[in-house]
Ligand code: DP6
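Have a look below at one chain only, the form predicted alone, in structure tokens format.
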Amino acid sequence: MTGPFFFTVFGEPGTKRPDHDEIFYSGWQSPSNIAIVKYWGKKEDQLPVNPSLSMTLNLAVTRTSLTAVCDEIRPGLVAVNGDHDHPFIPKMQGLLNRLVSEIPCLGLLSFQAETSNTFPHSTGIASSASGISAFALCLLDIACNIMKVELPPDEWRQAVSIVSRLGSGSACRSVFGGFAVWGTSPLLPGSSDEFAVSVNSRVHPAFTSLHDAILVVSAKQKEMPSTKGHQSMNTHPFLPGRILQANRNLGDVLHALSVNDFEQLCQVAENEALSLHALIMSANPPVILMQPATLEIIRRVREARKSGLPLFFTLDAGANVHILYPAEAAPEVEKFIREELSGFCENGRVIFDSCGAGPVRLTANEAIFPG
């Protein structure tokens, strides 16, 4: 698991303990990401069955602050947003439990979290990626403070990516700005199932400003949690073919990104999106997450591209649609979205976003969005 890495970083368990009268604080903003090559299906310990590639977003983010005091009688995450029974607590506490076995000093603390999103959670916009990575950043930040450890940037990102993965697979990619790959691939020396790696050095500058408009078809919680969807792949008859497809598509996307081949990126990204939903619909039990508005948006995007508009769609495991397009085409594409597509969105909601730089440390007065 994570033991050797964290033993090297934090030293022998129990060597340092938090002071009883000290208050520990950390605040981080972490972004969602949109996968172009999809992660769907996992092995034990949150390891992926196939590699994935994503683009980190800029404005679709979670802000989380964590306050901790030494309390060996009542350790753990005691409240989220002042609620002792908040629905986020089980998943966040599960990650904390995993980390305590590696960094025991965290098991002596009582935590309270404040967290908020700029976008609806549990709707297929990778809220677990931004939420869990923000929580992991706070936890490791506090652990480093207690243990008096200062990690170089590369080691810090790798450590946070490992911890984020344990809570939510896609969260390990949100630690990196730009484009990241998670999963071992012979195409990428240094790639790993344990953590994500940046591939920005392979990306043509034209793609570093790629825009992403998130069309919120439905802000309701999706019918099938991603965890169940991943589990359904364990017995899926198409799993072997999916693994081959994802690895082939990863190579094609890396090539498209490196040589600025927008057309190839369009073709592969849309193939990945529709393949993901085909797997969901053909699982046992089958689930249909797309809505009529989703399909109409897809149809109109394809027609617009035939007419010369540079854009393509992708989907996560939900009804909402991501439309990606070059920065220089933003005025024209966004006019099309507002006039032709926003009417298919819940309350006309569209989140206009773009490729982002990754997590940001927050001061105390920045931690939560107003309202």
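For clarity, every value in this text was computed on a predicted model and none was experimentally measured. Note that residue numbering begins at 1 and tracks the sequence as displayed.
What follows is about the form predicted in complex with the named molecule, which we do not show.
*Asks:* Looking in the predicted bound form, any heavy atom of Lys38 within 4.5 Å of the named molecule?
*Replies:* Contact check for Lys38: yes, within 4.5 Å of the named molecule in the predicted bound form.
*Asks:* Is there a heavy atom of Ser128 lying 4.5 Å or less from a heavy atom of the named molecule in the predicted bound form?
*Replies:* Output for Ser128 is yes: heavy atoms within 4.5 Å of the named molecule.
*Asks:* So in the predicted bound form, does Asn58 come within 4.5 Å of the named molecule, heavy atom to heavy atom?
*Replies:* Asn58: no, not in contact with the named molecule in the predicted bound form.
*Asks:* My question is simply whether Gly169 lines the interface with the named molecule in the predicted bound form - judged by any non-hydrogen atom within 4.5 Å.
*Replies:* Residue-level check for Gly169: yes, a contact with the named molecule.
*Asks:* Can you work out which of Ser110, Gln245, Thr118, Ser226 has a heavy atom no more than 4.5 Å from the named molecule in the predicted bound form?
*Replies:* Filtering the options by heavy-atom distance leaves Ser226.
*Asks:* Could you tell me which one of Ala68, Ile323, Leu341, Ala317 places a heavy atom within 4.5 Å of the named molecule in the predicted bound form?
*Replies:* Checked against the cut-off, the match is Ala317.
*Asks:* Based on heavy atom distances of 4.5 Å or less, which listed stretch (169-177, 143-151, 251-259, 297-305) is in contact with the named molecule in the predicted bound form?
*Replies:* Every other range fails; the passing one is 169-177.
*Asks:* Can all three of Ser209, His211 and Ile337 be found with a heavy atom no more than 4.5 Å from the named molecule in the predicted bound form?
*Replies:* Checking in the predicted bound form: none of Ser209, His211 and Ile337 is within 4.5 Å of the named molecule.
*Asks:* Could you list the residues in 271-309 that come within 4.5 Å of the named molecule in the predicted bound form, counting only heavy atoms and keeping sequence order?
*Replies:* Going through 271-309 in order - heavy atoms within 4.5 Å of the named molecule in the predicted bound form - there is one hit, Leu276.
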